[in-house]
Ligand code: GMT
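Take a look at this single chain in structure tokens; it is the form predicted alone.
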């Protein structure tokens, strides 16, 4: 199969999943074409069968905002014609599903099938905005196939829109050979002393991630357990989180690493991964932590309950209950045997339920199913 993948090339769950999917498919012999305004950040090396096509955006004084959507649609049509694509697989509904619809219209007969994967905020935030709602619904329904990254997101989509087609749940995945507890690149001594525990949080620091809750919970934990908080990522609430750490008097215990391309090199250092989000459609960062053998503590909301087994691979507490989160972390960190048990369960959860080869098979099967529909 020849597959065109369009995604946001920046850090974030949808871009990571789309890129990793393309990489795995290319290694299996599929011909993969990424079509976007920039090369996805996880494409760090040359891979046979994998191509990148940059979308050039015209700057013209008449345009207040560069018309990326139109140039993307034109580029998708150009690549599909030139390379004989079988499928457009677009990640994140807005604007990519709409662009795929336009590209199909440009091509006409023989155009690729369109599969749209919904990732979260394209439905729960952007898509339901009144300025986007009608085009989001139309674009999804115009797709030949639709997948969601969790049962939770499928339900949210059905509640928000009138979807006429079946939506297939295909979970996000992790490369468990890459994200492993035995990562030599991670040296705990660079973050903490032998007596200290390491709590970690990685995100895009947007309001939905509740980064200030991370600091509040860590403050409570640090009063009972010698520990350090390692933060990685960047976004609008990063400064707020660091400011709160200073006000609470724990600034010296917080290590902010900024954006990191290879989080698999730092995750194995953590004892606990903290993800107290307002809502997670899936929780890819949590899954990557589990694969590294790091138990996850978060709030019982959204799709995170489908990723983390409460009481086994981690703990999920009531939304906003910082004290309950602290209690679970302290209880785990104080008991070496308990921590070891939850580490094992974390790794098993990733390997047994979200391992890349297994999930990739679901995508390939779905591609074949959509291509065979006449």
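Numbering follows the first chain given and starts at 1. All figures in this text were calculated on a predicted structure; none of them were measured in a lab.
Although not depicted, the form predicted in complex with the named molecule is the subject of the following passage.
Check your understanding: Counting only non-hydrogen atoms and a 4.5 angstroms cut-off, does residue 119 reach the named molecule in the predicted complex?
Key -> Residue-level check for residue 119: yes, a contact with the named molecule.
Check your understanding: Is there a heavy atom of residue 174 lying 4.5 Å or less from a heavy atom of the named molecule in the predicted complex?
Key -> Outside the cut-off, so no.
Check your understanding: Is there a heavy atom of residue 149 lying 4.5 Å or less from a heavy atom of the named molecule in the predicted complex?
Key -> Close contact exists here: in the predicted complex, residue 149 approaches the named molecule to within 4.5 Å, heavy atoms only.
Check your understanding: With the partner left out of view, is residue 253 within 4.5 angstroms of the named molecule in the predicted complex by any non-hydrogen atom?
Key -> Residue 253: no contact with the named molecule in the predicted complex.
**Study point:** Answer range among 77-85, 278-286, 216-224, 135-143 for contact with the named molecule, defined in the predicted complex as heavy atoms within 4.5 Å
**Key:** Selected stretch: 278-286.
Review point. Within 4.5 Å of the named molecule in the predicted complex, heavy atoms considered, which of 180, 71, 204, 155?
Key: Here the answer is residue option 204.
Practice item. Tell me, out of 167, 208, 94, 232, which residue has a non-hydrogen atom within 4.5 angstroms of the named molecule in the predicted complex. Key: Looking at the other structure, the residue within range turns out to be 208.
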